[in-house]
Each structure stands twice: as structure tokens, then as C-alpha cells.
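Coming up is one lone chain in C-alpha cells, specifically the form predicted on its own.
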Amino acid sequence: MIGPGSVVGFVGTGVMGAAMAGHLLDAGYSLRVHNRTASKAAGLVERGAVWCPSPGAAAMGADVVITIVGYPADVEDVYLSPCGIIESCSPGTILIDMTTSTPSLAMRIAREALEHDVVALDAPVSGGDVGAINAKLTIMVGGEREAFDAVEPLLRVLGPNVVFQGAPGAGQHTKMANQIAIANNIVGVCEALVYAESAGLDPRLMLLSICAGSAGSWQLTNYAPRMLEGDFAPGFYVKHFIKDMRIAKAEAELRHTILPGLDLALEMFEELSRRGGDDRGIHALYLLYKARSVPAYYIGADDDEA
């Protein structure tokens, strides 16, 4: 059983990964860390994590390897490249990719892992920076049940809602369903605020009423106040959300599934990206509504937000 004292290789210490790795340190796990930008892992190294110069090096001697990187291409590179994680880890290691990636890549990594006598789980997360910082992430897992059972206590250090979804790729498919729901919801939050303002309401008073009713949602409670405060710092980048929605759209098209709400949200986020919003948080969609009314409205991220 994997538990405190086990060695964890952790690759990807960005907005969410650094907080997640910190919780594992606090829980007594021994960490070997790598990030493309070394400075983003410096705080973890100061707390006792061992810095490693590559993903493969972080995997050496680890009982478990966790990755949370940017794009499917990054996932493919850290796992499948020569001297990458799969080639570098010891037989019996459990690999956990927590990046939001493609189901097909998750299945490929699982197959490649088995050929090297290791097991790979796809375990994307939901909850953003707030969930990562507060150890309240939702974790959706695909892969071998026995491996899941072994690492479940570790995953519960990162969040209380850990659900085994099924075979390799099932975690990523579940995350696609999650992102589809968020895409539609964030559009609704923006439109509720814009409508309230156009009607002359105090939007903060409006939120006191609707957050507690049947319209309530995580996005309404957590993002709407930040929209009104003008705080668009990224807990989850627009550019990464566009990546997720494109994966979801492609998976839906493979299954001849029509998702007009997702299509609309993706179209709007792509416009937000073209207007300079890539490095803002996804709640910056609110700025697009403002910009459509005031063409010169500034959307791009400030240097201290990117």
C-alpha cells in the first residue's frame, strides 16, 4: 500500500501542481520534483523535496509518479520520450497523470506502461487553484482497479471526492463531461451579471439571492465575485480551457454527439483568446461581454497575472 514515507515523483509544479505537491509533503510523503521552470519548484525544494533535472530523473526510485502538465503533447513527451518516465521508472511503479488530456493518449500510456511492468492511471482533477490550495479537488480516475486501490489514500490527501470511473481513459472522459458543464455554466454566470447590471441592480445583492437558490453553482459562488472585483488572475488559464473544450468537441464528434452549448462556449473563448485573454483565468469571459459593448475595452493579462 502506498502511504506516508513512500517516494513520489512529481512533475509539473505550476499553478495547481505546487500546492498539490505541498500537501503530499505535509502528509509525510518523500518528493522528487521536476518542472520546466525550476524556480516554480524552489519553494518545494526549500521544504525538503529533491530537485530532479528531468521527468525521467524524478521517476527514478519512485513508488508513484504524478504528472500535471499543460497539454497532451507535454503528457506524451514526459511519459513516452526516450529516457522519459516510463523508460526510467522501476517495475511496479504506479503512474498517475492528473493533466486534462485525451482519452486516447491515456489508453496509449496505459498500454506502454504495462509493457514496462508498470501501471498507469489517468486521474484528471477539477477544482482549480482554489481546490488545489485547499486540498478540495475532485479526482476522477481511469485504469486498473488494483492500482487505484493502492493509491487512493494518497489521492485523498489532495481532495475528498475521489471516484474510480473505470478502464483506462475513463477518467479523461469524465473530465470532458465536467468541462462541458463548466463551459455552459460560466457563460450563464457572465450573462446573469451582465443582465443584472443592465437592469440597474446591485450585482452583489443579486448574488446574495441567486447563489443560495436553485441557480447556485461553484462558478457562481467563486467566480462571480472575482469578476465584479476585476480580479482575473488565472487559477485555470483560458488557453488551457480552450484545449479542454477542443478535446471534448473532438470526442463528441467521434460519437456523433451534438453539443450546441459547448460549441457556443468554445466559440466565445476562442474570441476571448484572439483579443488577448489567453493568460487570464477562465472567468475573464466576463471581459468579453464588456468588450463587445466597448470595442476598445482591454482584455489582455497584466504582467503580474500571467
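Every value quoted in this text rests on a predicted model; they were computed, and no experiment measured them. Just count from 1 along the sequence shown to find any residue number.
Only in words, not in the display: the form predicted in complex with a further copy of the same chain, which the text now covers.
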Exercise. Is Asn161 a contact residue for a further copy of the same chain in the predicted bound form, using a 4.5 Å heavy atom cut-off?
Worked result: yes
For this session: Could you confirm whether Pro260 comes within 4.5 Å of a further copy of the same chain in the predicted bound form, counting heavy atoms only?
Result: yes
Exercise. Does at least one non-hydrogen atom of Thr138 fall within 4.5 angstroms of a further copy of the same chain in the predicted bound form?
Worked result: yes
For this session: Classify Ser88 as contacting or not contacting a further copy of the same chain in the predicted bound form by the rule of any non-hydrogen atom within 4.5 angstroms, answering yes or no.
Result: no
For this session: Let me know the one among Ala49, Ala248, Val238, Ala62 whose heavy atoms come within 4.5 Å of a further copy of the same chain in the predicted bound form, would you?
Result: Ala248
Problem set entry | Residue among Leu105, Val187, Ile133, Val119 with a heavy atom within 4.5 Å of a further copy of the same chain in the predicted bound form | Val187
Exercise. Picking from 260-268, 66-74, 53-61, 30-38, which part of the chain touches a further copy of the same chain in the predicted bound form when contact means heavy atoms within 4.5 Å?
Worked result: 260-268
Exercise. Looking in the predicted bound form, is a further copy of the same chain within 4.5 Å of a heavy atom from each of Gly3, Ala19 and Val45?
Worked result: no
Problem set entry | Residues of 159-194 having any heavy atom within 4.5 Å of a further copy of the same chain in the predicted bound form, listed in sequence order | Asn161, Val163, Phe164, Gln165, Ala170, His173, Thr174, Met176, Ala177, Asn178, Ile180, Ala181, Ile182, Asn184, Asn185, Val187, Gly188, Glu191, Ala192, Val194
